[in-house]
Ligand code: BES
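What follows is a single chain, given as structure tokens, in the form predicted alone.
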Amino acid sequence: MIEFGAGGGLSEASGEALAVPVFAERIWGPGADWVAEELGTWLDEYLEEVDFSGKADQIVSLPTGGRLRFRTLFLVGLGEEADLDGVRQAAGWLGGKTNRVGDLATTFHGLAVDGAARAFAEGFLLGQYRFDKYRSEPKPSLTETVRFVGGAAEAAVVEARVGAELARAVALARDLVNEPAAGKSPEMMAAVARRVGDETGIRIVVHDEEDIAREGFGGLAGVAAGAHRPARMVEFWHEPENAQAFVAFVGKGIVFDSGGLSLKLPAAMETMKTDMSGAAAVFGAMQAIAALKIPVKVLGITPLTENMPGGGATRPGDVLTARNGKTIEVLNTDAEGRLVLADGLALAAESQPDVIIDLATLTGACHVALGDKIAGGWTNNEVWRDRVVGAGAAAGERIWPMPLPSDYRKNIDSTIADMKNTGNNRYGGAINAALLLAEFVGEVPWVHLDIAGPARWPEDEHYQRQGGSGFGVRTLVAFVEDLAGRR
């Protein structure tokens, strides 16, 4: 675990490496002006030679040759101006470049951005993330300490520790998403939930297969019917005294999606270990919210199962009865996420929270519409949706508001049940899925986030790493912080 500390004044500090921010057109940021003065014209000549101008995706390292009390200098580009996510991204690039550096000093906290130290810590740690569990020769980060040097360093350390806790929660979600399906059965996921509960004091309730049948979780039971490994429904309860609000999170937890009897093509299964990214986001967010002691009551719900084509699998044409008594005709067993979410949403609505937020890698249609890096947001209450979108913006996670037109509801009408789990044609698939979910929240305000694109990051980029992104953790935490008046 990297320790954040205060390192005193910049001119007296020394160590292995120093990182300073630089704006576009080589305008020196905090600490960089001092470095430039110490190094003189030699620095400008070197930066001209390597074509470093301070653009947002630029970073350069150079040995100081004894000209500074640090062996290595990192100049980190910020672009035209800095905002919170710009700081996170710059720190992410730096984290990826410095994982062989044991001790790093920085002046990033001196930027004129509220929360710069927190954003720096968050981005830096996420940039150093690797999933090396299955490598024969893992290369864990060698970084042990990050020291803030210059004014207000002690306050920066306090901020940074919040960012570090958030990065730890995102790393938990990333680890769960990146874990092969064989290593994360519903029972194993429930064990992780219990561990989170033991570490944070969150109350954990795990419903086993007998409970699932007895409690009327028909959607979850139907999807799990073809799997050998039994399903679980997990509840997380963060119940602080004097809670200022009550929210519920529901995350889709399909630990592997073969498509069921409506079998996917082999290539389409290659990423389906990540179909539990919504549940992973709930795991991470609940851990962070409890660790940060945010005074908001939060219920997290994760229906967990595989979708497999075993001999007992649900067949196209079967009808399932969800927790709230509504029935769904299953015409495509590969549209299974909405079936397990139906039970999770109905369970959440029973507790009458102020708002329910669900997250799911739900539809390829949303991925097609918004690409790899933006989630879609649907709602029955635009005020709450706008607050979630705003929380996402503050956290650096983009969410695009999407329509929920009531006249499209007929697209999921069934001739034999209350609804069917597919639309009448291929068009508007993400809307049709959202309309089905709306049937299970009652009158409770609700926001649905389809994270089919950004849950799986396509490339190494700033503080993101190719694979599971942990998308949603930071949005949920920022949302709850906002409710508590902490942002």
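All residue numbers are counted from 1 along the displayed sequence. All values derive from a computational prediction rather than experimental measurement.
Heads up, the form predicted in complex with the ligand isn't pictured, but that's what we're talking about next.
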| property | result |
| --- | --- |
| Contact segment among 181-189, 344-352, 268-276, 88-96, judged by heavy atoms lying within 4.5 Å of the ligand in the predicted complex | 268-276 |
| The ligand contact at residue 314 in the predicted complex, heavy atom, 4.5 Å | no |
| Any non-hydrogen atom of residue 201 within 4.5 angstroms of the ligand in the predicted complex | no |
| Close approach of residue 229 to the ligand in the predicted complex, 4.5 Å, heavy atom | no |
| Contact flag, residue 287 vs the ligand in the predicted complex, heavy atom cut 4.5 Å | no |
| Contact at 358, 397 and 475 by the ligand in the predicted complex, all three, heavy atom at most 4.5 Å | no |
| Answer option from 153, 335, 104, 221, heavy atom within 4.5 Å of the ligand in the predicted complex | 335 |
| Selected contact from 385, 174, 367, 118, since only one has a non-hydrogen atom within 4.5 angstroms of the ligand in the predicted complex | 367 |
| Stretch 236-264: residues contacting the ligand in the predicted complex, 4.5 Å heavy atom cut-off | 252, 257, 264 |
